[in-house]
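Given as structure tokens, the chain that follows is alone and in the form predicted on its own.
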């Protein structure tokens, strides 16, 4: 039993290392590839290299690499949290897992209904990926959520799901929806359909990016103000940005932690509401009944 528990502890330790290692690798990669800069610098994701493609070259950026590192860390976290589960919860780890599952399932049932109960893992994945991507900035990494390409990819995936469930009512019913309430509204309805993924992407990206930019600008301003007001102090004391102590950390709590987690929650909520709201349940049930009646008629004719 002792050797078994030691073996389990070793695996747990390995998974913890696997959770941390991607972020360490990202920090090392950033340090090794960061170009020398002076003063304040606000730039997009760094391009590491470009893969030649037939139509358009594919750049591999800092945001893409960090997004993969976040995924690896989440995968290791899931393996760590779900190890050694039993029918009756005995460990704090299993209690935490059950609490997370109950909360996510309750969130999905409340906003989407019991019919979409299977969406709980997907919504949990969206929240974890978005929140951890935004929080990676606390370790000095470029947050993937500050890149419109990353967030737009998520929005396109959600848009495909929305369209898929709208088509559950039939292609003709879906197309008819663009002509309501009157046929003249068709162009506006089409624009409204396209605006869904665009608004989801830019809302998430804009809030995360603006928070990072504001935090950097305030930190730079405090550094200059500190040099202006306290630069008269003798020796090295005059070079210490005293006014930067405290306030940037408080701003980071809001912009990096609260705002990042809030945007993850909002993106998940929009996903749930758009998917369930676009699903024509009544029309879907009618189609099911028609298909069932056709099958019954065929069976009767065969007999």
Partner chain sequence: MLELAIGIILGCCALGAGICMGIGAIGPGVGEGNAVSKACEAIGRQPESKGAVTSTMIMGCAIAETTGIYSLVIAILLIFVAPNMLVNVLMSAIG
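Residue numbers count along the first chain shown, from 1. Because the structure is a prediction, the values reported are computed rather than measured.
Omitted from view is the form predicted together with its partner chain, to which the following refers.
- Not one of 33, 47 and 140 is positioned with any heavy atom within 4.5 Å of its partner chain in the model of the complex.
- Taking a 4.5 Å heavy atom cutoff to its partner chain in the model of the complex, the contact residue among 82, 189, 210, 91 is 210.
- Among 106, 118, 206, 224, the residue placing a heavy atom within 4.5 Å of its partner chain in the model of the complex is 206.
- With a 4.5 Å cutoff on heavy atoms, residue 262 counts as touching its partner chain in the model of the complex.
- Among heavy atoms of residue 199, some come within 4.5 Å of its partner chain in the model of the complex.
- Contact annotation for residue 269: at least one heavy atom lies within 4.5 Å of its partner chain in the model of the complex.
- Considering its partner chain in the model of the complex, the lone stretch of 24-32, 60-68, 269-277, 47-55 in range is 269-277 [heavy atom distance within 4.5 Å].
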